[in-house]
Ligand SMILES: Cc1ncc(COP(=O)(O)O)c(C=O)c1O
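Shown here is one chain on its own, the form predicted alone, set out as structure tokens.
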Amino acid sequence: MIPSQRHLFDIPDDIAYLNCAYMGPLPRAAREAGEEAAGRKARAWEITPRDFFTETETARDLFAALIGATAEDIAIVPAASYGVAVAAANLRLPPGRRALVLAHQFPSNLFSWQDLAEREGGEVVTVARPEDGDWTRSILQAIDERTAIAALPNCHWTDGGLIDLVRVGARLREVGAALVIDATQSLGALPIDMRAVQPDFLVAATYKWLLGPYSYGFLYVAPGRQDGRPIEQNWIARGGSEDFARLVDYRADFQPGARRFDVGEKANFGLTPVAIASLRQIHDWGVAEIQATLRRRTDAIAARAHNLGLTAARASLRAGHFLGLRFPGAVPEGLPEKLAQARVYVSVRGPAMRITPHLYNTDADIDRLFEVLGAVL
């Protein structure tokens, strides 16, 4: 168990921020890295051609180590939607074939599949929310020989409903279907066994559980998919781009591995150092240790909420860093605003109040949450 790490964040004592699934705060070290990066950009003469490549490789290495992959498997992308678009550009959905998504799935992992189905004649099939909360069973029941793609998270963004991607991945391989994962709501707080899951593509934006900057992310591309088609043509992804003097010797080959899928201007001198600092901090803590600590926190919150008549999914059916609380009726009108007035920050997504703590939270934060809930309810 990791003790409160609030001293590593710039969060005042009177703020109870329980909303990491909305926006993860930058650790102090990441903010300082960003400030230093801004200063370096102001001194543009200090940026060398080598700098276009070195820091991105550091970031690539750190992310790859986090998921048990190699740097060759990782592309730098600006958003989850960009990574999903890369996947959609390299998969097929012809007539008679299906792409599976979840009910109320985050739109960035939906729209590309709707577009692909419209262009190629296939179909997007939505797996309904299971009444018992068992997403894995519902997904497995929906997979058949018509399934070409399953585009999934590994926990639902509204309430943390957990999906056993190892079982789902194995079933998809049986029918010859691809697995595309949007792990934005889990990577950094929930371990993933990539060797067991074997996704074709996995994308994660950094601004939530990776505690990194907005407009920055990573895309894992399985080795068998790395000779695919990028969705943009930029100079830095091409072979030999390290030699600025010969960029006009236009080359058709690409940088090795998944680097062909890198976004243009991937060097991003302002954001890459921030992402690196945050990834190093997560490595220092350990993802398994983060998950265990947050599981204990959300279990304790769920137990106290039960005394107020609120319900949550069974612990075995939700990710430990996520808690979606449901009320006997609808979510009380204006509840997030009332909580925010007391400097307590949560989200409402669908029918659930989403409580998503991190290591910066304290027991006092939870007491403040329940003081307000007790007064409202």
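Note that residue numbering begins at 1 and tracks the sequence as displayed. Predicted model, so just to flag it, every value in this text is computed and none were measured.
The protein also exists as the form predicted together with the ligand; that form is not presented, and the subsequent description refers to it.
With a 4.5 Å cutoff on heavy atoms, R297 does not count as touching the ligand in the predicted complex; it lies far away. Using a 4.5 Å cutoff between non-hydrogen atoms, A80 counts as a contact of the ligand in the predicted complex. Mapping the unseen interface onto this chain, W135 falls outside it, with no heavy atom inside 4.5 Å of the ligand in the predicted complex. Using a 4.5 angstroms threshold between heavy atoms, K208 counts as touching the ligand in the predicted complex. Comment: the ligand is not present in this chain, but in the predicted complex one of T293, S108, N90, Q255 has a heavy atom within 4.5 Å of it, namely S108.
The stretch in contact with the ligand in the predicted complex, judged by heavy atoms within 4.5 Å, is 177-185, chosen from 177-185, 115-123, 161-169, 143-151.
Along 139-174, one residue reaches a heavy atom to within 4.5 Å of the ligand in the predicted complex: W157.
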